[in-house]
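A lone chain, given as structure tokens: the form predicted on its own.
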Amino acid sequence: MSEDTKRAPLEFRTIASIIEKESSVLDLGCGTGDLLYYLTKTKQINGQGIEIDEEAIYKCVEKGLTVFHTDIESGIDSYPDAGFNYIVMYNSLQQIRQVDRVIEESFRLAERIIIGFPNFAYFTARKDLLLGNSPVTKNLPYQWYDTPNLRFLSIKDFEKFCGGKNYKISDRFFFSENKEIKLFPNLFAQTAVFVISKR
């Protein structure tokens, strides 16, 4: 295992602990492919990605990854039923327009979905809002005018969403500064990772 792989973020290591070796994984909005590459090296997955940013795709190709240049909402339709063991959406859910449809399509492709997103209710984001500013944090690093994010959800928002859709949350993990957060995650966690399935 390379030194870069050993220094992977805790979120990556946690997601890898969920995924069984040699599984098939589709990463929706894989960015520069860092997570997909990590899973390939540590869990020997058969991985594919979908990414719309052309510069990010070049970096994926440099890593030897199979990535398709398209947006998530149209790209996901071309895959056959039950084609994967896992669907991963890490830091891409908040950039999707039709969240309901993409998650339902993901369940058409795999029984389990791993979703990671920045928590908009993190306490420094709340402080910025209280002071009248749009929040900028490590996990929400964009200014209001150049953000790719369409949705700003909290941990509680996502849990309510899953309850309303009758999705089963089989695991949930919360992180801040590369440490796991156990107490009051909606306030103190910068990012969340959920594993969901249909009941």
Partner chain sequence: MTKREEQSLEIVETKYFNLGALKLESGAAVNDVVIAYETYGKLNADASNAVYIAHAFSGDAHAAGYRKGDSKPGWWDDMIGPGKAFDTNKYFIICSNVLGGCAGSTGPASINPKTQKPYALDFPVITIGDMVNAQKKLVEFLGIKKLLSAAGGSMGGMQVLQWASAYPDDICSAIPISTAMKHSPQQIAFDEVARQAIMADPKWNNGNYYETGDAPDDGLSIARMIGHITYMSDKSMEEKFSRNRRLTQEGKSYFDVESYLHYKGGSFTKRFDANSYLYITRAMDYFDVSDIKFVKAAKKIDVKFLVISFASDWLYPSYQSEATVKLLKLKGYDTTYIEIKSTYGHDAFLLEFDDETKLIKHFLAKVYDDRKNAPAK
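Residue numbers count along the first chain shown, from 1. Predicted, not measured: the structure shown is a model, and the values here were computed from it.
What comes next is about the form predicted in complex with its partner chain, which is not displayed.
Site annotation in the predicted bound form: the residue of 170, 44, 66, 133 reaching within 4.5 Å of its partner chain with a heavy atom is 66.
Contact with its partner chain, judged by heavy atoms within 4.5 Å in the predicted bound form, is confined among 170-178, 27-35, 154-162, 52-60 to 52-60. Among heavy atoms of residue 79, some come within 4.5 Å of its partner chain in the predicted bound form.
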